[in-house]
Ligand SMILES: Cc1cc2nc3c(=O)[nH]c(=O)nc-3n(C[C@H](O)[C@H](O)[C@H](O)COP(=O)(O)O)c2cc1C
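Okay, so here's just one chain, in structure tokens, the form predicted alone.
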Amino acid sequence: MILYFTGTGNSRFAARRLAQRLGDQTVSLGQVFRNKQPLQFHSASPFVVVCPIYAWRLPKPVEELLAQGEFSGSRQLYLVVTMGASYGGAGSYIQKILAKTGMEYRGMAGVVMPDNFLVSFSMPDQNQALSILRQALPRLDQIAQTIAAGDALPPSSSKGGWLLSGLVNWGFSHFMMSSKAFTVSDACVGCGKCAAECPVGNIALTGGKVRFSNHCSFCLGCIHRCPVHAIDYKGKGKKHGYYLCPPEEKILSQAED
């Protein structure tokens, strides 16, 4: 079973690619979280969790899932993370979590994807995004082969990972991950797409107005997905642009010719 968490679609694309190669099924954790479904999963095959890296750690809802969820059938779990450049020391945190649950940690693999952290970077145009995604295909296929063979993912290290995933992530979580900095302009048409697609159910449409709660995962999907770009974070969307993972058929149209 392949469980994925995504804000803009990169991890969903990676999960579907792995599922295709492994002959497995995918489950959207965003849907599980939004609908407050029980965190209970059963799979005869190893569990594979696919998610992005936020400030060199897994998204908080995913870490909480791994600590609190009930996994039956297979006791093996692989992690595949989509990232801009590095996952820091994220693996060590997950290894400690799984050691307490009795799950067998089978390693973590990073896959470079278009960086969608618009707070700090300008978003790639479609041609740039397609190029990066197509370059990720051999990496995803290699990971699938390793999992299919029953092997552990090779360990890797990141220089300064303990600092990035520790102190830097702490600062990110305490000073940036706040819904209070999100704004909604008069351009909002009250379509409700942001509320419908927020992976943690942090957004509601009340009286035609977008309201944010206080458990944002900071995926920034609401900013990228808004059809009229009414949602922003300190003006960064307007400055750096927007990104959504291109349709799968477009990514594969040239990559597999």
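Predicted, not measured: the structure shown is a model, and the values here were computed from it. In this text, residue numbers run from 1 along the sequence as written.
Keep in mind that the form predicted in complex with the ligand is missing from the display, and what follows is about it.
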{"property": "Region of this chain that lies against the ligand in the model of the complex, out of 135-143, 92-100, 106-114, 72-80 [heavy atom, 4.5 Å]", "result": "106-114"}
{"property": "Interface residue in the model of the complex among 53, 222, 62, 48, criterion: non-hydrogen atom within 4.5 angstroms of the ligand", "result": "53"}
{"property": "In the model of the complex, the one of 187, 167, 149, 85 near the ligand [non-hydrogen atom within 4.5 angstroms]", "result": "85"}
{"property": "Close approach of residue 177 to the ligand in the model of the complex, 4.5 Å, heavy atom", "result": "yes"}
{"property": "Close approach of residue 237 to the ligand in the model of the complex, 4.5 Å, heavy atom", "result": "no"}
{"property": "Proximity of residue 218 to the ligand in the model of the complex, heavy atoms at 4.5 Å", "result": "yes"}
{"property": "Residues in 1-28 close to the ligand in the model of the complex, defined by a heavy atom within 4.5 Å, in order", "result": "5, 6, 7, 8, 9, 10, 11"}
